[in-house]
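One chain comes next, on its own, written as structure tokens: the form predicted on its own.
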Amino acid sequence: MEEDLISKKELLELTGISYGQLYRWKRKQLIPEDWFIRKSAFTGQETFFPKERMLRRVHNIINMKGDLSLDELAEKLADTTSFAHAHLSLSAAQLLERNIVSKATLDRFGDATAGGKKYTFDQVVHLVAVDGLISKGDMNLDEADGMFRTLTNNTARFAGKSWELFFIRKMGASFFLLAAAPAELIFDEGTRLVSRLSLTDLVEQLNGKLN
């Protein structure tokens, strides 16, 4: 499954940023060079971006640029897997107040028996990952159980490194695959890649809600 794209024109209209801002952020490396994708369109060659990642990045830049210079911001965004949140500890109430995960996800995957429980950075990332796919309707609850179990049981093996999770379906069966990032996988015919999540993107998503 190819990632959804958004055209440059749609991006500027949707976010309200200017052409000059977009390319100034590119020069400052706030937006990765490889996110600028040239493709043929009926009007000729146009520039597109990975939609979800780009909208999240623009949202984070706009939210943080009031407190940081562009150079400081570039350093912060490039450092999303630096484990700056290694000591992160959030309660269920804080997760809900900051709209980090939904109550439905927390009720199913959180530890409801521990009233004053604080969730660690890894636990919050796992909840964010599952919550995102459930809210988009990309997986059912049984699949979400399998994905959460995969993350909980295996991400510790990548300590200090970034990882990617692939959610795939073939002949009605669902599978999850974890790999060190960046991973380049080739699937056989008939396999559908439903979603590809990376620790980097999940941390950036979390950063956006914590700042």
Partner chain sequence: MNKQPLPDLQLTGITGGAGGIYDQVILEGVCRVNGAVRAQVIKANGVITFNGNATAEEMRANGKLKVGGTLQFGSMEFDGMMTIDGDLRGENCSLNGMLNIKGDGELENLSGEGVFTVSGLLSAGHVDYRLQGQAKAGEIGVETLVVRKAGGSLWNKLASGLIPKLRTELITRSIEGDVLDLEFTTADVVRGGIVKIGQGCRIGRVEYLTELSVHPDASVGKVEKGSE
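Every value quoted in this text rests on a predicted model; they were computed, and no experiment measured them. Numbering follows the first chain given and starts at 1. Heads up, when I say rigid core I mean the largest set of C-alphas that superpose within 1.5 Å between the two forms.
One more form of this protein exists, namely the form predicted together with its partner chain; it is left out here, but the text below deals with it.
- Note on the partner interface in the predicted complex: the residue among R149, R56, K65, K28 having a heavy atom within 4.5 angstroms of its partner chain is K28.
- Its partner chain in the predicted complex is not approached by K209, whose heavy atoms all lie more than 4.5 angstroms from it.
- Although the partner is absent here, E46 lies within 4.5 Å of its partner chain in the predicted complex, judged by heavy atoms.
- Looking at E13, you'd find a heavy atom of it within 4.5 angstroms of its partner chain in the predicted complex.
- When its partner chain is considered in the predicted complex, Q21 lines it closely, a heavy atom lying within 4.5 Å.
- Only one segment in the set 141 to 149, 38 to 46, 56 to 64, 169 to 177 has any non-hydrogen atom within 4.5 angstroms of its partner chain in the predicted complex, and it is 38 to 46.
- Positional change of R149 between the shown form and the other one stays under 2 Å at the C-alpha, relative to the superposed core.
- When the rigid core is held fixed, the Cα atom of E13 travels 2 angstroms or more between the shown form and the other one.
- The rigid-core alignment places the CA of L199 less than 2 Å apart between the shown form and the other one.
- CA of K28 to CA of A180: closer by 3 Å or more in the predicted complex than in the shown form.
- Relative to this form, L14 and L133 separate from one another in the predicted complex, with their C-alpha atoms ending up at least 3 Å farther apart.
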